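Form predicted alone, single chain, as structure tokens, below.
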Amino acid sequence: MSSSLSNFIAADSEKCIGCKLCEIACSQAHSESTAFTVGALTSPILPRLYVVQTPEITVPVQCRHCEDAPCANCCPVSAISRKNGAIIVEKKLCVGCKTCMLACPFGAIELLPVYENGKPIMQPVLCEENESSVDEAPMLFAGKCDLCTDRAKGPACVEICPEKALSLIDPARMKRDRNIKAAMSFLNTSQNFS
């Protein structure tokens, strides 16, 4: 197994209580705001992971940082790339075409409005009623988990989860640990037969 496989965040649905603190922590980690209370927020909560709740399961869904990332492979403007082991979207290059949303097998990408200084950035768009005139609409980009690569403490969602339902997975380490566990199990079993 290659040691350069991308890390990803795994969620344990048995532990998740659906509190959505992971969504709030994610939004705050990717916000330019330093507000710590809801009343002090200057822009909406815009997470890059999404808690899915059905009668059967509650669990956050987020990017798996695929090795052959279909979102990056289909991006027509090369706004999606691998950086520090994570698949990231360069907000300034993204044109909001939604191709990556169609390609993602996990539904981990959402178009999010771009905010600056607490205000949405607007862009010219064609009017629906009169296609020859231009109106303004919020600029959108493909928002997805970036493993908080710029955050010293790592992924904010993992840090904040009160039930420890989220964990950062290093595939190479996980395989090595399982190999060791299997070898020890084999050793214990073979000693019972001698």
Partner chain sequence: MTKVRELIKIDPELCTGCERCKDVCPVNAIFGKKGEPHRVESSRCVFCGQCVQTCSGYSSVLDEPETPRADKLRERGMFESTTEPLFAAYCAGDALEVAAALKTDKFSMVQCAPSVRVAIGEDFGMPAGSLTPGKMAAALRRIGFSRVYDTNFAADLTIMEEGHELLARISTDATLPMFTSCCPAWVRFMEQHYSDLLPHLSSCKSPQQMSGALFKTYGADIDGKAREEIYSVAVMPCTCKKYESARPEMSMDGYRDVDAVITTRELAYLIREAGIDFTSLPDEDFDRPLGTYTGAGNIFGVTGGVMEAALRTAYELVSGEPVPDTDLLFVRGGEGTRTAFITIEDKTFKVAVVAGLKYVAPLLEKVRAGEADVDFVEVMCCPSGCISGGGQPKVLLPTERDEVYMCRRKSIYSHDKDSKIRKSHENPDVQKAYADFLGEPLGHTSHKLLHTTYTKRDI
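Owing to the predicted nature of the structure, the values given are computational and were not obtained by experimental measurement. Numbering follows the first chain given and starts at 1.
In what follows, reference is made to the form predicted together with the partner chain, a form of this protein that is not presented.
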Listed residue that, although the partner chain is not shown, lies within 4.5 Å of it in the predicted bound form (heavy atoms), from Leu46, Val61, Val125, Ile169: Leu46
4.5 Å heavy atom contact, Met184 and the partner chain in the predicted bound form: no
4.5 angstroms heavy atom contact with the partner chain in the predicted bound form for Val134: no
The partner chain contact in the predicted bound form: Ala40, any heavy atom under 4.5 Å: yes
Contact test in the predicted bound form: Ala25 vs the partner chain, heavy atoms, 4.5 Å: yes
All of Ala11, Val89 and Asp146 within 4.5 Å of the partner chain in the predicted bound form, heavy atom check: no
